[in-house]
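The chain below stands alone and is given in structure tokens; this is the form predicted alone.
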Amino acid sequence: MPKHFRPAGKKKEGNAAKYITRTKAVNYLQVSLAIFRKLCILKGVFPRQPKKKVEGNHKTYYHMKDIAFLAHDPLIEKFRQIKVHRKKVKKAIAKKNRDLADRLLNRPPTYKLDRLVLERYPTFVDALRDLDDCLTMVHLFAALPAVDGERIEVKRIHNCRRLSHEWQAYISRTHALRKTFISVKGIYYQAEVQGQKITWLTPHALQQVLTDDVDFNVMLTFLEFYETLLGFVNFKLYHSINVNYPPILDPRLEALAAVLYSVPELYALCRYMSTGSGRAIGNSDSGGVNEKESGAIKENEDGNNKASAKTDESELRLAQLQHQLPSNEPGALMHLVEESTAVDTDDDETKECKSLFKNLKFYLSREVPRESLLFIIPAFGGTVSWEGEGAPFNEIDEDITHQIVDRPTQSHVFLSREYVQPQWVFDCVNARIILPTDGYLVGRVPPPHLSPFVDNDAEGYIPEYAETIKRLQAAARNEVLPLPGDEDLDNSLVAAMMDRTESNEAAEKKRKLEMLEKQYHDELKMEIDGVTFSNLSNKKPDKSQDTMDKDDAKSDHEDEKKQAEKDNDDISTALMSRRKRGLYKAMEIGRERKQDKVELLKKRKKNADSSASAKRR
């Protein structure tokens, strides 16, 4: 018998030993399919695609090591205890033993996911890299209606709103927001936190309806883990800027947040982070999310939140709301927190974002998307207020420079401020300059809202308004700004850009006039020299004939060059393998589709321009 002989059926090898189907995995773990799904979501286990599917292509496969990883997790025992507890409650109710049922319902088995966060994300950077879906899911549930009797608990929705506002307050405080874009799905944001770019989507502030097409059980399982993850991330980020977490808000603003949750609560968080309520953290630079540290912080919360401290902090925040502090604007209060080090560690991009809306004061009308603008404007150094209770200043404030409106008519107009549409704020943020407000005035059709996530050079098509913004950006970089103290400081940049554009147009006109003048002098000199029109006309055909011969030779040379390139491509394709040839053809098809899309956009733009010119006539 050979040394390495293995009898058939005794031991599996290869893909049959590495992978297991979902049905066998459920039987191996001795759990239901719903609990198996929940375990896979919480532990981050996903199906695999083996090269050779032993039991058929219609089945789902998991890696055997992942299933063994799930089998040793303590959560399985917790889920079994919960199942047994439900059976006990059901049995007590069936026997009409209401006292036993109430005792069981008051003491259900619970579990925590803190260990899973540390297990899946060993370092804090790993958690930041995987935060896109987390933020999108939390902001989605934060926009759902908090109504009793629905499939989603009210406390879960309130918790999502709290976590989302805490995240937005940190991004606004640290000026980490980089891009924003309004789409049909919602509003996209991109922030840069500790060198990691984080992109998330928030739904529009509309009435949401819970449909039956969505499996909310699966989504709530994801949300359960994402709530824990975002809580740890907020805890780490707040302590990195020496601010206590969870924040203690003003009771008056919290009462307002119960009615209008979006504006007062986010504004209260910005106030809290700006009133010097931070503290020094000795180990704020640790690499991972430490479970023991967070537990110790939570245990010490009761000792730190004494009645006297609450009273002092509440009085300070109320004093700010009542204009008893000299710097009451959110943009100015952002700079009141004393940093742990005296050295300015902000990079150039952060400094640019911090000073974009500097010295600008905004007022939001009631019809504009308040929550989005209240998040964006302070993130870029501006001061903002709104119409309603809890606002830092009223509409009649004479220092307001821009009022964001979305109605064609206004009850009263102040001549000292600009009335612009909300799109102007988003376009200024993406362009990183103060754009002219002429195209965004009330009642006008605004310019196209361009996405900052699209690379126009790679796509091969640059919109006309993108070229205009590029010219304005170049003018802003090359123009000398006025000295501080000028009364028209907020409008000087726009005026400088417009002056530069007008000077470029004047220079182009002057160059054309000089060319025409030179042509006139040449013709006059030829007339003085005695060159007749007949001699000039006889010379022109020869020149045109030579030009035609040169053009024909040039076209023949181009045809020969194209033919040579085609032959080289055919030879290269013939030498490729079948798989590489298929990939090459797919790349060529992708290039052709992109070129066709560019040609379609150019054609649409040409038709739009022709129709617009016809209407003007």
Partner chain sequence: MGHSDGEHQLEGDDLSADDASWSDGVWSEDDDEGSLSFEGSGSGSGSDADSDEAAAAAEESDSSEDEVAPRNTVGDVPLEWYKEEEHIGYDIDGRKIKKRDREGRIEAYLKNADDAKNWRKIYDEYNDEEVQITKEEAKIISRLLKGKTPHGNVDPYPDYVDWFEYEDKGHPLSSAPEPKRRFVPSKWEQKKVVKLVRAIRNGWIKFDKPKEENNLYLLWGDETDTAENKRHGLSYIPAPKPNLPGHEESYNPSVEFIPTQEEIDSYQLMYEEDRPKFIPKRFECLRSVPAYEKALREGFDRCLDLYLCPRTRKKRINIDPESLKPKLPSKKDLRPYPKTCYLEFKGHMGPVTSISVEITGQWLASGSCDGTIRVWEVETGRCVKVWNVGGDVRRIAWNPLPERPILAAIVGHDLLLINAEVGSEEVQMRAKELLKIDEMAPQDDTDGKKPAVRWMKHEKLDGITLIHHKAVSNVEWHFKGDYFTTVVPSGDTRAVLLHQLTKKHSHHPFRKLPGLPVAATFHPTQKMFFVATKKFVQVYDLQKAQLVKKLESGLREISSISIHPGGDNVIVGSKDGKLCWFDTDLSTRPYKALKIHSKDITNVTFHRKYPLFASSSEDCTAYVCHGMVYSDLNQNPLIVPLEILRGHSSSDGRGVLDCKFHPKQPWLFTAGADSVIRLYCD
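C-alpha atoms forming the largest set that superposes within 1.5 Å between two forms make up the rigid core. Note that the structure is predicted; figures quoted are calculated from it, not measured. Positions refer to the first chain, counted from 1.
The protein also exists as the form predicted together with its partner chain; that form is not presented, and the subsequent description refers to it.
A.B. asks: Is Pro47 close to its partner chain in the model of the complex, meaning a heavy atom pair under 4.5 Å apart or at it?
C.D. replies: Within the cut-off, so yes.
A.B. asks: So in the model of the complex, is its partner chain close enough to Lys12 to count as touching (4.5 Å, heavy atoms)?
C.D. replies: Looking in the model of the complex, residue contacts with its partner chain do not include Lys12, since no heavy atom lies within 4.5 Å.
A.B. asks: Is the gap between Arg366 and its partner chain in the model of the complex 4.5 Å or less for some heavy atom pair?
C.D. replies: Flag for Arg366 set to no.
A.B. asks: Please determine whether Asp569 contacts its partner chain in the model of the complex, using a 4.5 Å cut-off between heavy atoms.
C.D. replies: Taking the distances in the model of the complex, the answer for Asp569 is yes, it comes within 4.5 Å of its partner chain.
A.B. asks: Please identify the residue among Ile469, Ala476, Ile76, Ile182 with any heavy atom within 4.5 Å of its partner chain in the model of the complex.
C.D. replies: That would be Ile182.
A.B. asks: Only one of Leu70, Val26, Val54, Ile41 comes within 4.5 Å of its partner chain in the model of the complex by heavy atoms, so just point that one out.
C.D. replies: Of the candidates Leu70, Val26, Val54, Ile41, Ile41 is the one lying within 4.5 Å of its partner chain in the model of the complex.
A.B. asks: In the model of the complex, which of the stretches 78-86, 351-359, 382-390, 105-113 has residues with heavy atoms within 4.5 Å of its partner chain?
C.D. replies: This holds for exactly one stretch, 105-113.
A.B. asks: Check Asp66, Thr199 and Asp406: does every one of them have a heavy atom within 4.5 Å of its partner chain in the model of the complex?
C.D. replies: Yes, because Asp66, Thr199 and Asp406 each have a heavy atom that approaches its partner chain to within 4.5 Å in the model of the complex.
A.B. asks: Within 4.5 Å of its partner chain in the model of the complex, counting any non-hydrogen atom, which residues from 211-225 show up?
C.D. replies: Going through 211-225 in order - heavy atoms within 4.5 Å of its partner chain in the model of the complex - the hits are Thr211, Asp213, Val214, Asp215, Phe216, Val218, Met219, Phe222.
A.B. asks: Taking the rigid core as reference, does the Cα of Ala34 move 2 Å or more between this form and the one not shown?
C.D. replies: Ala34: C-alpha displaced by less than 2 Å between this form and the one not shown.
A.B. asks: Please state whether Ala68 has a C-alpha shift of 2 Å or more between this form and the one not shown, with the rigid core used for the fit.
C.D. replies: No, the C-alpha position differs by under 2 Å between this form and the one not shown.
A.B. asks: Gly582: after superposing the rigid core, is there a C-alpha shift of 2 Å or more between this form and the one not shown?
C.D. replies: Yes; Gly582 is a residue whose C-alpha shifts (by 2 Å or more) between this form and the one not shown when the cores are overlaid.
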